[in-house]
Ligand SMILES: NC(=O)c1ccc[n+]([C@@H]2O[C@H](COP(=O)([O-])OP(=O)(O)OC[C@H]3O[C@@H](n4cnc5c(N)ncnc54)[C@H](O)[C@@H]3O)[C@@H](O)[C@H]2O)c1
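Here's a solo chain for you in structure tokens, the form predicted on its own.
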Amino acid sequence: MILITGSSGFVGSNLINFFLRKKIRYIGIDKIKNSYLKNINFEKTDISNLKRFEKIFKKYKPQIIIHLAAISGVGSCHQNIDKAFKVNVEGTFNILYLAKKYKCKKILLASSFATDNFYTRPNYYGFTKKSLENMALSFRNNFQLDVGVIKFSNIFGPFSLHKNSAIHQLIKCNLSRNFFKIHGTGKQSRDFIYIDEVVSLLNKIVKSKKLNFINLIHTKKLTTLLDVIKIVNKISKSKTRCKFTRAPAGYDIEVKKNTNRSLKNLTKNLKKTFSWYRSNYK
């Protein structure tokens, strides 16, 4: 049995959709019901409440945990520092504590590339994810838990209406004709990865005999935000209204030289994402 936290979120919804197609046994847990998928295996609970959360372990006895639940993003964490600490830090401790107590075989914890530059560009979101990584390493070394950290780059795709990350916000602004806010110059580069690639790589990691401590899920190709805007404008046949704003503290606006020269695969996946939004965004 695989336990998925944050099962009603963006990655969780796509992962469950994959598990349903492959007939893989799972239980999804979240504080809210899934608004994208119906009739799924689901328990409503709060991972920061240890007593309630432990009831899930007693009932389902999961052997594998994929921990996706989080307050994500620099802005969201800065605006909700108490909530971010409870979910991202206390919630992660509860998972590791219960995984140890109930002798789970594998534990995958979602972190972020934001931890790589934490000491030179600190922000509260990075702090919560750095705490997650440090806890995972401690439990792995001291209690022999087979626990690994997943670092996602910038994911995009369907089941993401609630997301405010760059590509999702860009598409919504293009469709609604609202202004899309660009932090800095827009020349900063990101590694954008489509959700289907993420789910496929996650499944491979779950199947591995022993987890690596750090597991990177990215394309290794960088694309500037301005290039993504051009692609979306071409797909939609309309120009996105943009507004340049000052980047918040801790936000990465670094301009890198090794940008993606071939945009074919990114364009194909942006088309699929835009098509889904056109059918679902109101």
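We number the residues from 1 along the sequence you see. Source: prediction; values computed, not measured.
Below, we turn to the form predicted together with the ligand, even though it does not appear here.
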Using heavy atoms and a 4.5 Å limit, would one call F180 a contact residue for the ligand in the model of the complex?
-> no
Is there a heavy atom of H162 no more than 4.5 Å from a heavy atom of the ligand in the model of the complex?
-> yes
Using a 4.5 Å heavy atom cut-off, state whether S236 contacts the ligand in the model of the complex.
-> no
Partner contact for D227 in the model of the complex: the ligand, 4.5 angstroms, heavy atom | no
Answer key: of V232, I64, L68, L222, within 4.5 Å of the ligand in the model of the complex (heavy atoms) is L68
Which of 153 to 161, 207 to 215, 135 to 143, 100 to 108 lines the interface with the ligand in the model of the complex (heavy atom within 4.5 Å) = 153 to 161
Decide yes or no: are S8, I32 and Y125 jointly within 4.5 Å of the ligand in the model of the complex, with each residue judged by its heavy atoms?
-> yes
Is any part of 24 to 63 within 4.5 angstroms of the ligand in the model of the complex by a non-hydrogen atom, and which residues would that be?
-> D30, K31, I32, T45, D46, I47, S48
